[in-house]
Ligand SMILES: Cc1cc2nc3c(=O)[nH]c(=O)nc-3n(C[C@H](O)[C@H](O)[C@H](O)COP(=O)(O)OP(=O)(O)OC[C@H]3O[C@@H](n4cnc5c(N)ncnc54)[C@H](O)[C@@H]3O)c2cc1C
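A lone chain, given as structure tokens: the form predicted on its own.
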Amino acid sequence: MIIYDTIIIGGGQAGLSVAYFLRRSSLEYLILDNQDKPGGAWLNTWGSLQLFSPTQYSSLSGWQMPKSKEDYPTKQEFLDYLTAYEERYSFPIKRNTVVLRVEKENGLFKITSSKSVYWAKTVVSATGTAQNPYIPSYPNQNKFNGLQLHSVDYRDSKDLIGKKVLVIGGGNSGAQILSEVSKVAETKWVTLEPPQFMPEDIDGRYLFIKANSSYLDNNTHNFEEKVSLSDIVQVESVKEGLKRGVYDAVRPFHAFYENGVIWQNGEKEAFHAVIWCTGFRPYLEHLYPLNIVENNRVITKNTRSIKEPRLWLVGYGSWTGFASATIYGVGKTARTTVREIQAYFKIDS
């Protein structure tokens, strides 16, 4: 029986970031990934997706992403980068391996997967959020006869040509998908609040700066006064949508009916399809046997579980480090995680 020092669950950007720092130690580690090729959750995004920052701010630790053709890298360019990143560092990865549950047995972690059972002294969970899309609940939602899909299942607009489509969600995914769909369909956009767009000269690079700064400096203060980090980045598709005037958002409706939605004033409006761009929640089902998941979170100090101190969680959002669910933010938390793992094994960095 092989007992690994560390097993990383998830081969996306968070898992690779942890592996990058682990490879520089003497620890024996393994990545278990549920995909059949490199890319993690990025494999399951829509084709025209663009990253929110230039390449120099869209890179993992150790190796900068090659410059993209446009200002903002495409999905395919980033997938190519992740593939090359894996090859560059020769990470040990088991593909097509779905982790079903993590348990404790005889002082070790017993990790049961779709392929085999693995054993480890420590575990890093880096499964992210893409496997747990969030769709809010509305009255009579199940009675709607049209198509409902979450952004995680959206690929392109081919099946929506000539349709009437309701896009729900005021973030970057909602804005990018709305721009694409509105070229071939009649669209309406629902957001909780009036959408805010970053100035053209401001993008995710400022998130990188904040993620790598312990304290706000004067430039960051100026940035905070100008924009919120939740504002929509003006990638090329969004700029094009703004020029066409497609971003006239309305507030949420009251309920569904068979053919569409009922607005707050009681008026009914028919739609062929609804696209939910409403985000994700952490995917933690594999950790349920450890009895540490509370309200879909694990109580941590930095990335380390309080109740199970030989378990770390990387890349799930602000509760595992500022911007840790982003390409540019995860490196900082991954480095800290590996330092703590090394300290557990009493290995110098």
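The first residue of the shown sequence is 1; numbering continues from there. None of the values given here were measured: they were computed from a predicted structure.
The form predicted in complex with this ligand is left out here; the points below concern that form.
**Q** Would you kindly say which of Val98, Ile93, Ala249, Ile135 lies with a heavy atom within 4.5 Å of this ligand in the model of the complex?
**A** So the residue touching this ligand in the model of the complex, by this definition, is Val98.
**Q** For Leu22, is any heavy atom within 4.5 Å of this ligand in the model of the complex, or not?
**A** Although this ligand is absent here, Leu22 would stay clear of it in the model of the complex, with no heavy atoms inside 4.5 Å.
**Q** State yes or no: in the model of the complex, is some non-hydrogen atom of Ile327 no more than 4.5 angstroms from a non-hydrogen atom of this ligand?
**A** Ile327: contacts this ligand in the model of the complex.
**Q** Check Gly331 for me: does it contact this ligand in the model of the complex (non-hydrogen atoms, 4.5 angstroms)?
**A** No, Gly331 stays farther than 4.5 Å from this ligand in the model of the complex.
**Q** If you check in the model of the complex, is Thr278 within 4.5 Å of this ligand, heavy atoms only?
**A** Residue-level check for Thr278: no, no contact with this ligand.
**Q** With this ligand left out here, work out from 61-69, 22-30, 296-304, 42-50 which stretch has heavy atoms within 4.5 Å of it in the model of the complex.
**A** It is 42-50 that comes within 4.5 Å of the partner.
**Q** Are Gly10, Gln35 and Ala126 jointly within 4.5 Å of this ligand in the model of the complex, each by at least one heavy atom?
**A** Contact check passed for all of Gly10, Gln35 and Ala126.
**Q** Across 249-279, which residues bring a heavy atom to within 4.5 Å of this ligand in the model of the complex?
**A** Residues within 4.5 Å: none.
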